[in-house]
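Take a look at this single chain, the form predicted alone, given in structure tokens.
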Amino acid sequence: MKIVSVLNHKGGVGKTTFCGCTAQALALVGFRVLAVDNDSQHNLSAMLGTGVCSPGLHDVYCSSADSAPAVLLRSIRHTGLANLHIVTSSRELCDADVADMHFLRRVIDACDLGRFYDFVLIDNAPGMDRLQVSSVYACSEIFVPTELRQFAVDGIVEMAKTLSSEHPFGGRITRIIPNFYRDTKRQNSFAEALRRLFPGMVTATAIPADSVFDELVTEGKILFLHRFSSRGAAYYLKLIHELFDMSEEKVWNMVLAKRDERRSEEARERFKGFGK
């Protein structure tokens, strides 16, 4: 089981959209995925269609070491996709909930989630406070979605230094994903700067600026089922291939098959409704 924390000092860089779309893509390809909403704004919980549920991650952090594993297992909810589950967040979640920044990792290990999942993806609020650091110690890798701007580049450099100096035994940054890409000279210069600063970590695939992502959040849709022909979907499939070393053709064909299967199911449901 691979545990990935989606993290960035800076807000507004598309962390939640990246986490949700990646989780959905992995589930559609056939992997068993658990998404963990480690952000009090609980946007990932909304994006994946569950909303706030109780118990949730706040209850896990506030439980005793003995009871927390059972609370975590009770907090796991089904989403609208087979193979994709979520532990939801709520506005009550806060840094004060985290008494021990290694707690989340110990709870995950105690649950032996590797029996049930291939991937755990943890979404985080901006910053590097106790909640974010808890996810750093829970994960094996950190994925960093980023804008291609000077402040964003500086923020990743600062974050990498903080991780190395203050949290040397936590997860490490392994992938940096350019987001909101418009193929301008200025953006390309910042992408090159990132590649020099973090050799081998910056993905060749950059996610384009595309209004489809706002539509997904507003309408509660799934990128690969409801907007499969969009530029965003095409680039995310390339990204999944790159991040997880999968055959691009295989990923495309499996997601296409799942989309067609979902369409058939929806058509059957509509047909049943006509007969009533």
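Counting begins at 1, following the sequence as shown. The structure presented is a predicted model; accordingly, all values stated were derived computationally and were not measured.
Not pictured, yet referred to below: the form predicted together with a small molecule.
The closest non-hydrogen atom of I207 lies within 4.5 Å of the small molecule in the predicted complex. In the predicted complex, at least one heavy atom of K10 sits within 4.5 Å of a heavy atom of the small molecule. Using a 4.5 angstroms limit between non-hydrogen atoms, G80 is distant from the small molecule in the predicted complex. In the predicted complex, the small molecule lies farther than 4.5 Å from every heavy atom of S63. Residues with any non-hydrogen atom within 4.5 angstroms of the small molecule in the predicted complex fall in just one of 65-73, 39-47, 222-230, 244-252: 39-47.
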